[in-house]
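What follows is one chain in C-alpha cells, specifically the form predicted alone.
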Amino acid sequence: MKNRLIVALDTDDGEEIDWLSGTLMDMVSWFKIGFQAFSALGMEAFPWFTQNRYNVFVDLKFHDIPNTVARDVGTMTKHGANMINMHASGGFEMMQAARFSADDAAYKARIPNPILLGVTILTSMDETGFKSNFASERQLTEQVVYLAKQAKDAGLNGVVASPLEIEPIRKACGDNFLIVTPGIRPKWADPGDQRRITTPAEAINRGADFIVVGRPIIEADDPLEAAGKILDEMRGM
C-alpha cells in the first residue's frame, strides 16, 4: 500500500518539507507538491526528490489555453515530474495538447512518460455547491463521469475525483483508467473543508488506485505514526 499512498506536502515551509519527506521516506514513495510547496521550492524541488528516489506528483491543476498548458506540462515532464494534473474542464484540446507535449518531452529526455490526470470536480464541493456555482443540467456525479470520459479520450491516464465517484468512473472508463482520490479522512481526523469524503479503507475498497492525504498526516503530532495508521487502514487492519 505504500505505493498507493500520496502524501500532500501542503506547506510553504521548505525546512518542514525537507523534514516531512525525510521522516516519511521509508513509509511512502509518493509526495505531492502543490502551489504552497512549489512557491517555496520551485524547480529546485525536482533534484531533491529525484536524488532521494521519491515519486513526485505535481499538483498545479493547469487550466489555460492548449498551447500554454502544453508548454507547462512539457516543462514539468522534462524536470522529472512523475504525475501531473490539469483541470479536465479546460477541454479536450487542452488535455490532448498536454499529452502530446509530455510524451515528446519524455522522449527527448529519455525518461518514462509521466502520469497525466484530469481534475474533475473539487472534493470541497457538494451537490448543492455544484448546482449553485455551475447551474449545470447534470448532477455532480454525471459531470464527473463526463469529464473523466473526456480525459480518457484525450489520452490522459486517469482523473482526480472524489472516492464517492469511483464506481461510475470505473464503469464508464474501464479498469486501466487511473483514479486518484483526495478527500480522504480517517475516522480520527477532522474533515476540514472537504465535503465528498471517505476513509482510506473505503476508498481502497471502492477501487481507488491512489489516495492523497495531507493534513491528517502533516499536521499530526507524529506524522510517521499517522501515516502508519492510514496504511493499516488501507490494508484493512
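The first residue of the sequence shown is number 1, and the count goes up from there. It should be emphasised that the depicted structure is a prediction, and the values quoted were computed from it without experimental measurement.
A second form of this protein, the form predicted in complex with cytidine-5'-monophosphate (C5P), is not displayed here; the remarks below concern that form.
In the predicted complex, cytidine-5'-monophosphate (C5P) stays beyond 4.5 Å of every heavy atom belonging to Val73. Interface membership of Glu16, defined by any non-hydrogen atom within 4.5 Å of cytidine-5'-monophosphate (C5P) in the predicted complex, is ruled out. In the predicted complex, Pro200 stays away from cytidine-5'-monophosphate (C5P), with no heavy atom inside 4.5 Å. Heavy atoms of Met83 never reach within 4.5 Å of cytidine-5'-monophosphate (C5P) in the predicted complex, leaving it off the interface. Of the residues given (Val160, Ala102, Val144, Met95), Val160 alone sits with a heavy atom within 4.5 Å of cytidine-5'-monophosphate (C5P) in the predicted complex. The partner is absent here; in the predicted complex, the one residue of Ala154, Leu140, Ile115, Val119 having a heavy atom within 4.5 Å of cytidine-5'-monophosphate (C5P) is Val119. Using a 4.5 Å heavy atom cutoff, none of Arg4, Lys187 and Glu233 lies near cytidine-5'-monophosphate (C5P) in the predicted complex. Stretch-level contact check against cytidine-5'-monophosphate (C5P) in the predicted complex with heavy atoms at 4.5 Å: of 170-178, 56-64, 38-46, 202-210, the positive one is 56-64. Contact annotation for 199-224: residues with any non-hydrogen atom within 4.5 angstroms of cytidine-5'-monophosphate (C5P) in the predicted complex are Val212, Val213, Gly214, Arg215, Pro216, listed in sequence order.
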